[in-house]
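So this first bit is one chain, no partners, the form predicted alone, shown in structure tokens.
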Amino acid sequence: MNGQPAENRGQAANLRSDFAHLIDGEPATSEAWLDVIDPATGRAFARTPSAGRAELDRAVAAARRAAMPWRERSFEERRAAVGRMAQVFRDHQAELAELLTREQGKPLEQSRAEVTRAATQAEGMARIPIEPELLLEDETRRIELRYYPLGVVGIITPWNAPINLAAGPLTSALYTGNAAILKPSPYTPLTTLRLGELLKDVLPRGVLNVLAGGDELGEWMTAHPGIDKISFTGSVESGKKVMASAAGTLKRVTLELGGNDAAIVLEDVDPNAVAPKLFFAAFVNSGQVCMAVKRIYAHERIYDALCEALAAEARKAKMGSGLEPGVALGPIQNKEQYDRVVGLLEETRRSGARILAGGEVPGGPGYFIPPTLVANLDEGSRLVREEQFGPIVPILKFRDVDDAVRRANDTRYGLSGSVWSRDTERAAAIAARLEVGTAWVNQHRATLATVPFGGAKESGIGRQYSVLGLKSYMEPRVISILKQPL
């Protein structure tokens, strides 16, 4: 990703290029550059500097200098700083949302919601108390478990929700007394760089550093001896590489990775009532959400009716540029993912599966794929076994609940899942059998600042949000006191 692609060099003069890294409280540039593509057109519209090893070393040095005085501040002081950060999100929502839609592609309404959610989550997490834990006290001993900042946290975020997926780990790092180095995806660096510029005077110098760059910058971060923890959100394959690289310095890691979420729909639901909720849970951001519904298991009694109701939702969903009014689905974010999803769609069509809606990739500019629903698909097909991360969802039939649970669990993924029924107690009992980090009943993609989120199996290690997530950004230390005088 470093440098300027040859096909775009002639238009470089027309690209917006006023973005900069944030290093030690000051804007900074690099010798190399990245072109940023508008996925609705497939053409570059902006350029950003691409950090090299020298910029990373400067950012790490600045963060280490800032970490010690920052950790000495009280939780109340750091809570206030996070509150000011959240207010920046709110004050600049319109600007950040438009920039986010330009570089990511999602509808403007969803971008606005993402910025608002980032502020809400940050405020909620910073209200969580972190107190010493009394493990034992008797006449002779008192043993406490206390928590201390790790030092410098490297945060690597993906391209599907760059603001919201930065706000969680950034709040965790800052509130618990760490300095941070934030690296966005090279596909969506603009909103994050602008956020760094806006936060320059909100946080002490060096506490937050923001670097744009290619995949190699992430590799340097995970191996850098001056970084104490990595928070990574992305694919399973990339997460494994992060973990392997971090092992060289025994960095702490939090990995929020991909999912292949199953939604089990029982026979007692009203298909027409549940279809809009399921459709949104599956196709929001054109399916480019780690915790989106990726597979739907519908009971045979309501299978045909649910297929028809979901297909109706797909046919009426407007697709187009996220800046257009009324658009429900934008483009796939980048050409690499677009080609992968198109290939998956073509393979699915060749398999003889029944296309209920969508299925035809339009010509013209941009990386657009219509919302596509597929029936009569074999359980061993790639669309069922893999995470598609795009707007193609299979609907599979089941007769027996035990069989549905077995099929839902027959995957290397374990991020989340859901069960849908009028009988919430029965649904909750079924949900508890799903081998996932989060199991929902009659909802999907519902997260809160006070509730831990993360994956089982290969969908991740550790948790974000909640006191559990916050403590993973700190080192537990046992203080054991012998009361008897010497």
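All figures in this text were calculated on a predicted structure; none of them were measured in a lab. From 1 onward, residues are counted along the sequence shown.
Missing here is the form predicted in complex with a small molecule; even so, the following discussion is about that form.
- Heavy atoms within 4.5 Å of the small molecule in the predicted bound form are found in one stretch of 312 to 320, 109 to 117, 89 to 97, 216 to 224, which is 216 to 224.
- Taking the partner from elsewhere, residue 242 is found to have a heavy atom lying within 4.5 Å of the small molecule in the predicted bound form.
- In the predicted bound form, the small molecule sits within 4.5 Å of a heavy atom of residue 387.
- Taking non-hydrogen atoms only, residue 183 approaches the small molecule to within 4.5 angstroms in the predicted bound form.
- A residue is said to contact a partner when one of its heavy atoms sits within 4.5 Å of a partner heavy atom; residue 156 meets this definition for the small molecule in the predicted bound form.
- Out of the listed residues 440, 33, 70, 453, 453 is the one that sits within 4.5 Å of the small molecule in the predicted bound form by at least one heavy atom.
- Taking a 4.5 Å heavy atom cutoff to the small molecule in the predicted bound form, the contact residue among 257, 298, 208, 163 is 257.
- The candidate site formed by 264, 274 and 421 is entirely out of contact with the small molecule in the predicted bound form, as no residue has a non-hydrogen atom within 4.5 angstroms of it.
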